[in-house]
Ligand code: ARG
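One chain comes next, on its own, written as structure tokens: the form predicted alone.
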Amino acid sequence: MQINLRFFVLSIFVLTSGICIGGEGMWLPQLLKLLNEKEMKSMGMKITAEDIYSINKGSLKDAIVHFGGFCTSEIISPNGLLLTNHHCGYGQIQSHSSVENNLIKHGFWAKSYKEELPNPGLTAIFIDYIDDVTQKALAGVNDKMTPSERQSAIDKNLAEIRKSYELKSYQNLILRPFFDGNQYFAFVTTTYKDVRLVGAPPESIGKFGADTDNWVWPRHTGDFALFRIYAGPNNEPADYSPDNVPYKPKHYLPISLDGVEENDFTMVFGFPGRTQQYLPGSAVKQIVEVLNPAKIKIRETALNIMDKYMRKDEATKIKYASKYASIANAWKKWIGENLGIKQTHALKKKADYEAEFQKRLSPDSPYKSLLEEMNTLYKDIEPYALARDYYGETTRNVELLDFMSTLRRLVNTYENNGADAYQKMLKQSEEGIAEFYKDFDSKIDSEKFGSLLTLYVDNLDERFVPLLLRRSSLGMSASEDFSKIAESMYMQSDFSEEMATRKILAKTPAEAVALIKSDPFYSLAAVWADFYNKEISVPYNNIKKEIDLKQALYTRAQMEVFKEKRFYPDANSTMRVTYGKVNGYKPRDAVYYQPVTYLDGVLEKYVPGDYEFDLPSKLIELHEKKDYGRYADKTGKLPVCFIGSNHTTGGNSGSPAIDAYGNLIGLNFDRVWEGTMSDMNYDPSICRNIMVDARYILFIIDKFAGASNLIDEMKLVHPKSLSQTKSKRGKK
């Protein structure tokens, strides 16, 4: 069946134009006028689609920044001041911290440009404009092609598309598939490389509630940090230099002091990472019942070991703080995801949906056997998918195993390209090697390795365990764990200690490579990696290619069959807009969550000396005096966080919450636990995103930190008051 591109593209516009409850959907900003503007205005939006995305004038999209390629941030002053989450900037805050100068614990506030701290490698990426390149990307592609033939044809087309763009030295072109490869867009971007730390609250504010409150509502976390973009001559990107000056943006976000009320319109703008809304039920069932439980168990084991050591020693806590937070984030998300899928009966909904899909197909439809074929493929891939997750999670959570990949690149470079290439690669790896050992503890890592290796061997079919790790090969009993083996491996390996590693890498390339290859831990990692590639990765990828091809057909089929249904492209780390309202929700029987939390609730959770719920004495004092300045609401209380029905996911961390007038009202940083399944099954009854109230951010900067220099460069507004005044004038 030849793909009818013109029909498909037009069908997207027609199918998505139907009105539905605001909240679900991650929309491309350049299509808002055609697809969403009418609905957004009906929900209370006062600005236009042109105000949100324009290539002819400064618009909201020019204030939205892809922060480091993994979070979102936004410009909130004419001097390039960036606002993002504390957890997004955590790695940078940690890198500037030490026991003597602990910015994580005490916070940081630059009182002048000279005090702002550089962050090598951190980038700020802007979207210049977006093009639909579907016709060119899918030219010559048809449904009779094999997965490799289809991908080869698309790759050639994308290469030609790249040649057609004339880019400046600081611009890049990103080409991404949408609707599972049925549509393609090109994103022209500009990257700034000089991004400096400006301000961050202490973690007792920025990470208040830590892991206990993560993914949970009610929330009381001041999860924000401030950075600044610096530019070279002509306001263009430049490498770090003391001579660089603050960037002058095309647009920045004014900040509303009017706050939010239930049912207020909200819009979240950012770079959501990945969603999978159009999967078949067999795929969702596999994730919830097989893959998530395995990953949860692995991370839980690693987290418990890290936590044990972090509680004993402050230096260890500093070293492992960012790692722990990163590992815990997905772990708790998967738990909530499983809970939400069950609570909303998502698997039954999928089954009912698929039954209706089959019912609507004509007897001669090319899609008649599609779901059956996909179900078979998911059954075939399951053991490989489970082994793949066990290997990936083990190597990710055992740091020395992960470090072996750096050494393996050095060995491969030498053996394939010679000594000069090796030296070049070593120089490029130097920063990563230094960073690895800066925050590495071999005792903790050894304990993690022993525990996770035991889980790996105990929970996988023996065909997925390399011979050298089987208990029978090691002379171990069937129930014996791998802790002693792990201890022995770390004692024997030179790479469990930085000085020994440096001595090896200081030798000639030939000598260094020989010593690396003779190291027992390296040998184990290399054999295991080769085994994984051959016995797990290759067969997994072969089946996955077939699944991806079927998924592309299934997504298109759904859009053709359910003509009344509203479709939107899955998230893929490209710029999107989602919109909804400030709303509470009912997580379970007899419980209703209000949409706003206050500083009173922070003090209710306060536990002196507790690493998750301790508070700075100054914040307690400000609360006791009710010294909130102009940031209290009309009842005299200080708002901290609020929730809305905006459809967000990972990557939306740091996204601005924008009001009906285009002003900043909050900062997105999380989702409620019951609604984390929104990546696969958005349900308006319980899916809520969590945002720091902008007034709490301003209060912390101004009243708590005394950083009035930062407040002075922002534009603070009262849009609701202004709107009411205009309304009264109109009536007169």
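All values reported here derive from a predicted model rather than from experimental measurement. Residue positions are given as counts along the sequence shown, with the first one as 1.
Form predicted in complex with arginine (ARG): not shown, discussed below.
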Contact with arginine (ARG) in the model of the complex for Ser653, defined as at least one heavy atom pair within 4.5 Å: yes or no? yes
Heavy atom to heavy atom, is Phe669 within 4.5 Å of arginine (ARG) in the model of the complex? yes
Taking any heavy atom pair closer than or equal to 4.5 Å as contact, tell me whether Phe126 reaches arginine (ARG) in the model of the complex. no
Any non-hydrogen atom of His220 within 4.5 angstroms of arginine (ARG) in the model of the complex: no
Please identify the residue among Leu291, Ile444, Ala325, Ile335 with any heavy atom within 4.5 Å of arginine (ARG) in the model of the complex. Ala325
Answer key, arginine (ARG) contact in the model of the complex at 4.5 Å (heavy atoms) among Ala238, Val284, Ala210, Leu638: the residue is Ala210
Options 483 to 491, 570 to 578, 325 to 333, 527 to 535; stretch whose heavy atom lies within 4.5 Å of arginine (ARG) in the model of the complex: 325 to 333
